[in-house]
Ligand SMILES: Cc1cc2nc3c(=O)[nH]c(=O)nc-3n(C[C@H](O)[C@H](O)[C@H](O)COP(=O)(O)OP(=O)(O)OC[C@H]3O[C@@H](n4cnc5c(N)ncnc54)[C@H](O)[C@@H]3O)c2cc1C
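Take a look at this single chain, the form predicted on its own, given in structure tokens.
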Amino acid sequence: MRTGKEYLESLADGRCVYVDGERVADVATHPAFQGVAGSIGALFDRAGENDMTFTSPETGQAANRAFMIPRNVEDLSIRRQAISTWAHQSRGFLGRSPDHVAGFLAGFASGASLFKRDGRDFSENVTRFYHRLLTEDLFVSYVIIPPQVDRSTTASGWDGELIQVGVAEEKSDGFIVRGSQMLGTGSSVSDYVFVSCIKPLTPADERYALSFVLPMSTPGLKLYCRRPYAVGQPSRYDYPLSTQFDESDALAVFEDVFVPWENVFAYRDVDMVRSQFFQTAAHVLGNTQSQIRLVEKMKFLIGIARKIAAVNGIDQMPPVHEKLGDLASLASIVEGMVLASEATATIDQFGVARPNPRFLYGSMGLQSEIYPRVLHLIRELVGGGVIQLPSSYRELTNPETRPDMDRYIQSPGHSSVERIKLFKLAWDVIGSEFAGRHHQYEMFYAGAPFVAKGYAYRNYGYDEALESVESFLASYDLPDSGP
């Protein structure tokens, strides 16, 4: 199990990351990434403790429980506890922590035989890389969404060649790709990037139907990051989430990048690119991680709301009880669905314990409505308290301004330092740029809301519901209209 220090040192590999028009010399020390890199390093340190490790049956070595292939309900429980442990450290604000894509890779490896078809056998590549994930504690990010050029069609119908990442040239030892892909969340500070396309492709998109992994230091691979939210903040006291958990999102550009065959999972195979996510347990395992993370985030958010109500002295008012009750209900829905999907898991054809998709995707289908509702309720509870705050901690350390802070910004039983600290945290949850990004992230985490609800529609299993209706309809008939 590698340490956080070893992880941070590994980031100095010459990767090509751009921020504000300049190439970053070292992401581990750059102000845009230093905070999140340190937070991920702390995850690796925590993963080395006994309650986070297990002896992997695939490698015979110690590995992270969050990276496991679950074979029964007990494994799912163990995996959930490990994922929860990591999610708790960031309070759910690291959306793409290393255990996310690891869930997809575990799913791929569990059904490795699927990657052998039509004369091409990439099954060993899938298995070998999963073993590397386990033994080397890799942080793998992904870019699996095409750039938003024309969402009414696929890449083969766009003006311009190879805007989405696709094959430019095939060679004996691999192939060269050119183009771009989204969204690269956390890619700036990851070890590897997994490149594929989860959006459905057409037969005309064969050259874009790829699945492969690359080290972040690969020549020709460039990341163009959105505006960082950690840069320029006065202190962690003022922006406690922005400064620690801004994992950054980036457009990945591939400028004639060479991909060796040993790194390939699928090549010019539209059906295989789709099958890797849904015929294996990959999509279910990866998204279970995300829902477990969301459980921890929801607990944190309702905790903030509850504490603010107490500090403001409104926690005994019936209207406030109603709002807190709404928050409790929403949080319970997410947690209950995770536990239900685990308790009713089934064993698939590859011997993998798959959480029940009825409940997993049911929760995901409501995510775009639940999260904004939670933020709205917190906004109602904090009122103007998150606006009437000093510009920075310096008003609390300046002898000229501190007396005013102590007198005018305080609550019974809570000093100005404590009250301002709490309300600045609340602002970083609901009002800062970091908060706005997380609002958008949770709304579109699984794609557009209709996509997420499509998963729920396809996985609910309507047979039981329809049988209930049909049998009830059959229990009565048209009244006898005779004399």
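Source: prediction; values computed, not measured. Numbers for residues come from their place in the sequence shown, where the first is 1.
From this point on, the text means the form predicted in complex with the ligand, which you will not see here.
Original post:
Going by heavy atoms within 4.5 Å, which of 27-35, 438-446, 418-426, 47-55 lines up against the ligand in the predicted bound form?
Top reply: Residues of 438-446 come within 4.5 Å of the partner.
Original post:
Pick from 104, 142, 129, 115: which has a non-hydrogen atom within 4.5 Å of the ligand in the predicted bound form?
Top reply: The option sitting close enough to the partner is 142.
**OP:** Just give me the single entry in 307, 227, 376, 151 that has a non-hydrogen atom within 4.5 angstroms of the ligand in the predicted bound form.
**Re:** Exactly one listed residue reaches within 4.5 Å, namely 151.
Subject >> 4.5 Å heavy atom contact, residue 96 and the ligand in the predicted bound form >> reply: Yes.
Original post:
Closest heavy atom of residue 179 to the ligand in the predicted bound form, within 4.5 Å or not?
Top reply: Looking in the predicted bound form, residue contacts with the ligand do not include residue 179, since no heavy atom lies within 4.5 Å.
**OP:** Using a 4.5 Å heavy atom cut-off, state whether residue 457 contacts the ligand in the predicted bound form.
**Re:** Outside the cut-off, so no.
**OP:** Give a yes/no on whether residue 249 approaches the ligand to within 4.5 Å in the predicted bound form, heavy atoms considered.
**Re:** Taking the distances in the predicted bound form, the answer for residue 249 is yes, it comes within 4.5 Å of the ligand.
Original post:
So which residues in 173-193, when you check the ligand in the predicted bound form, have a heavy atom no farther than 4.5 Å from it?
Top reply: Those in contact are 182, 183, 184, 185.
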